[in-house]
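Next comes just one chain, in structure tokens: the form predicted alone.
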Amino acid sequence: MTALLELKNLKTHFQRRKTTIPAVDGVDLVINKGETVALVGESGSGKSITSLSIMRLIPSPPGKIVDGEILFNGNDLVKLSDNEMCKIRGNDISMIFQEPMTSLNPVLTIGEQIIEVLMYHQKMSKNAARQKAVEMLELVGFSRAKALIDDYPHRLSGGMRQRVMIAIAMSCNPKLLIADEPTTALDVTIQAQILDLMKELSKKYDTSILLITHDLGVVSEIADRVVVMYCGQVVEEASVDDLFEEPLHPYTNGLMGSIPSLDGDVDRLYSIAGTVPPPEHFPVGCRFAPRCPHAFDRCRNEAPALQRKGSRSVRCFLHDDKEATV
């Protein structure tokens, strides 16, 4: 497979007075052409900051990419100027945000917001861009696209607004689509429709997808590979089948255990003890050790490295050859 996007030792830190906050701390990630990769973890794990770093949308100050590479088609996005990044955003790399109402401009019609993207990136005339906007709205499932194009976002339901966001994101045939919790605010039926639509458009345009979510049910529906993040680091990476069949990291095990099941009679769902610590208070050793039921002395004093285990990776001393007897 050919790598489309490759993160190498990505570090994004924030400065708060005299405190450095390592929100993303040495992330390695590969997305191949035509592949869908899910980035999962609890709130505060660093998923969204990773995606904003890829798009070079980290507010500076207080945030800054302090180390690492973001290789897109072999070019390091970290080294590009703001003008060069503007040509890539919305064109080669598009992003769908969690809440479309905060992403869509309330004083512009749906059509104006799609037309603007097409005129800027594709250099289309206004008439050609309007026709393309209608086609995109039809593609994402609107039967009355010609009438909808002159509506304002507040007149649409949450699911319809999310479809509009997908139409805008896919209008320039991007090579990579970043979807940050695209179904969180939607009911279950609409969630399924949005996921099916994303899969369909990915195949149609051969677009790679980076799906950011905490919902493992969504992951099982759409992803080829899964990357699990915790406290700004990747703790496990595997194919979706391998991860669901045999999660290696205790944190991944905890996430799996918290999924509701239709089988069996359970009064109370499992939950991982404690909460994700804030970045300024990350533990010295393994960052999951204070919440881990398997933690031992080495975990509390030494930080484990991400190591390969066959076709997958895991950051845990339980899978270190040195601890084979533990």
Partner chain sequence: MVSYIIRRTLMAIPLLLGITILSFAIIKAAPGGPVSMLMDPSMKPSDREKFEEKYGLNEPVHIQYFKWLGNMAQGDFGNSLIKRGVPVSELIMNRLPNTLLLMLVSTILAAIVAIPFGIYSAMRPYTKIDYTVTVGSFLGVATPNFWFGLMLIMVLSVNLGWFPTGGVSTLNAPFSLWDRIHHLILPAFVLATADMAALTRYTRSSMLDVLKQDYIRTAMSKGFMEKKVVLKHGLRNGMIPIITLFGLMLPSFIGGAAITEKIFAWPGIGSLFIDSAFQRDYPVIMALTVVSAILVVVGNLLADIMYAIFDPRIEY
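Residue numbers count along the first chain shown, from 1. From a predicted model like this one, the values you see are computed outputs, not experimental measurements.
The same protein has a further form, the form predicted in complex with its partner chain, not shown here; the description that follows concerns it.
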### Task
Among 208-216, 186-194, 104-112, 251-259, mark the stretch whose residues have heavy atoms within 4.5 Å of its partner chain in the model of the complex.
104-112
### Query
H121: heavy atom within 4.5 Å of its partner chain in the model of the complex?
yes
### Task
Considering only heavy atoms, tell me if M55 and its partner chain come within 4.5 Å of each other in the model of the complex.
yes
### Query
Looking at the partner-bound form in the model of the complex, is F97 within 4.5 Å of its partner chain by any heavy atom?
yes
### Message
Please determine whether C86 contacts its partner chain in the model of the complex, using a 4.5 Å cut-off between heavy atoms.
### Response
yes
## Note on the structure
With the partner omitted here, the residue among R144, K79, K203, H154 that in the model of the complex has a heavy atom within 4.5 Å of its partner chain is H154
### Query
What is the one choice in A179, V228, M136, M165 with a heavy atom within 4.5 Å of its partner chain in the model of the complex?
M165
